[in-house]
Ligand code: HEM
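Before any questions on how it binds or moves, here is one chain, the form predicted on its own, in C-alpha cells.
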C-alpha cells in the first residue's frame, strides 16, 4: 500500500469484490468500499459518524488546519468564511482572469514544439488561482512549486505508515528534501499574503479579521495548492485522452469553433459547450484527481450491509466507484456521451469533488476554469502525445501523471 496504493486498492477490489475488509495493524480494521451506496452512507447519510481518517494527519502537518484537513468547529468556521467567494454569482466574475491567463499562456507555445503539457498546465492553473483569488501572478513559481508538492506528497504517504513520525510540521523541516519543499511553499504564501493588491478571497479573509497569521497561512496554502494541482492534472489527462481519441477531439473543436467563432471564451459560453464539459467529466471519471476519500468511524455503523466497527478506517475511492462495472458499462472506455443529457445512475456513482457537507468548496470554480481553459486551448491549438510515449500515473494525495507529459503543439 505504501509503494502503490492505487494498484493495491484495484487489486483488492478485483480479487475480493466491492466490499473488502483488510487487517491494518493490531487495533485497526481497514474497509475498502467501492459502490455508490457505500459513498452515500459514509459521506452523506451518516456523515456525522465519520471524521477525516488518520491517513490525513501527515498532510495536516504540511497544510495546517485549512479547509482540507480541519475538523469540527474549526472546519465550520473556515467554510463559513470561504464559501461566499465560491458562490455561483461570484465564481463567474473570475472568468475574464481565467481566460486571459489561458490565452497568454497558450500564445507562448511555439508551433511545432514538443513541450511538457503537465508542467505547462501546472504553470497556467497556478497563475489562474493566484490572479483570481489572491491578486498575484504565480506562473513563475510553478516549477519549484511542482517539485515541492511532489516531495511533500511522497512524504505524506510515507507518514501514513509511520504514525507519529511525520505528523508535525517541525519534523518535515528537518527531513532532507522535505524541509526545502516546505520552506518554498511557506515563502510563496508569505509573498501572496503580503502583496499590496490581494484578490477577492485574500481581501475577504483579511477584512473579516477572524484568522490570525498562522490560520491565514494555512488557508491560503490549502487553496493555492488544492486550487491548481487537481485542475492541472484534470486538464493533462483530458488532453492526453483527446490525443488518443481524434473523433472526440474533432467534435470538441467543432463545438468550440461554432460557439466562439474565433473569439475568446466567456463565462456565458460554458452552458453552450456541452460536449466540452462532457469530455472533461469523462476524463475526471477515469482519472479523478482526488482519487480516494478516507474516513474513520466514530461509532459502529452498517454501511449498505457492511458492518463497520467504531475506530475502523473506511476508504471510498472515487477511482474504483467510477470504474465499477455494475454502474458504468464499459468502465475502462472513454465515452463522453455518458454525460450528455439526462442519465439514470445513482447520485453518488460520480463524485470527482466528494460528497456531503465536505464536498469541495471550489467545485464550481474548477468546472468553470477547466471548461474555459480547454476551450481557450482548443480554439487555437492542438496537442498530440509524442508517438510511442507511455505516461505513467502516480496516486498519492492526488492522482496525476508521473513526470513529464511530452506533447507536440500545432496551431490550428
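Just so we're clear, the structure is a prediction, and the values are computed from it rather than from any experiment. Positions refer to the first chain, counted from 1.
One more form of this protein, predicted in complex with protoporphyrin IX containing FE (HEM), exists but is not displayed; see below.
Participant: Are 56, 75 and 354 jointly within 4.5 Å of protoporphyrin IX containing FE (HEM) in the model of the complex, each by at least one heavy atom?
Facilitator: Yes.
Participant: With protoporphyrin IX containing FE (HEM) left out of view, which of 230, 238, 276, 136 would have a heavy atom within 4.5 Å of it in the model of the complex?
Facilitator: Only one listed residue qualifies here, and that residue is 230.
Participant: Exactly one of 178, 202, 293, 121 has a non-hydrogen atom within 4.5 Å of protoporphyrin IX containing FE (HEM) in the model of the complex; which residue is it?
Facilitator: Here the answer is residue option 293.
Participant: May I ask you to state whether residue 365 is within 4.5 Å of protoporphyrin IX containing FE (HEM) in the model of the complex, using heavy atom distances?
Facilitator: Close contact exists here: in the model of the complex, residue 365 approaches protoporphyrin IX containing FE (HEM) to within 4.5 Å, heavy atoms only.
Participant: Just to confirm, residue 349 within 4.5 Å of protoporphyrin IX containing FE (HEM) in the model of the complex by heavy atoms?
Facilitator: Residue 349: no contact with protoporphyrin IX containing FE (HEM) in the model of the complex.
Participant: Please determine whether residue 359 contacts protoporphyrin IX containing FE (HEM) in the model of the complex, using a 4.5 Å cut-off between heavy atoms.
Facilitator: Residue-level check for residue 359: yes, a contact with protoporphyrin IX containing FE (HEM).
Participant: Since only the chain is shown here, I'm wondering whether residue 79 would be in contact with protoporphyrin IX containing FE (HEM) in the model of the complex (any heavy atom pair within 4.5 Å).
Facilitator: Residue 79: contacts protoporphyrin IX containing FE (HEM) in the model of the complex.
Participant: What stretch, of 128 to 136, 180 to 188, 327 to 335, 259 to 267, brings heavy atoms to within 4.5 Å of protoporphyrin IX containing FE (HEM) in the model of the complex?
Facilitator: That would be 128 to 136.
Participant: Using the arrangement in the model of the complex, list in sequence order the residues of 222 to 253 with any heavy atom within 4.5 angstroms of protoporphyrin IX containing FE (HEM).
Facilitator: Contacts from 222 to 253: 222, 223, 226, 227, 230, 231, 234.
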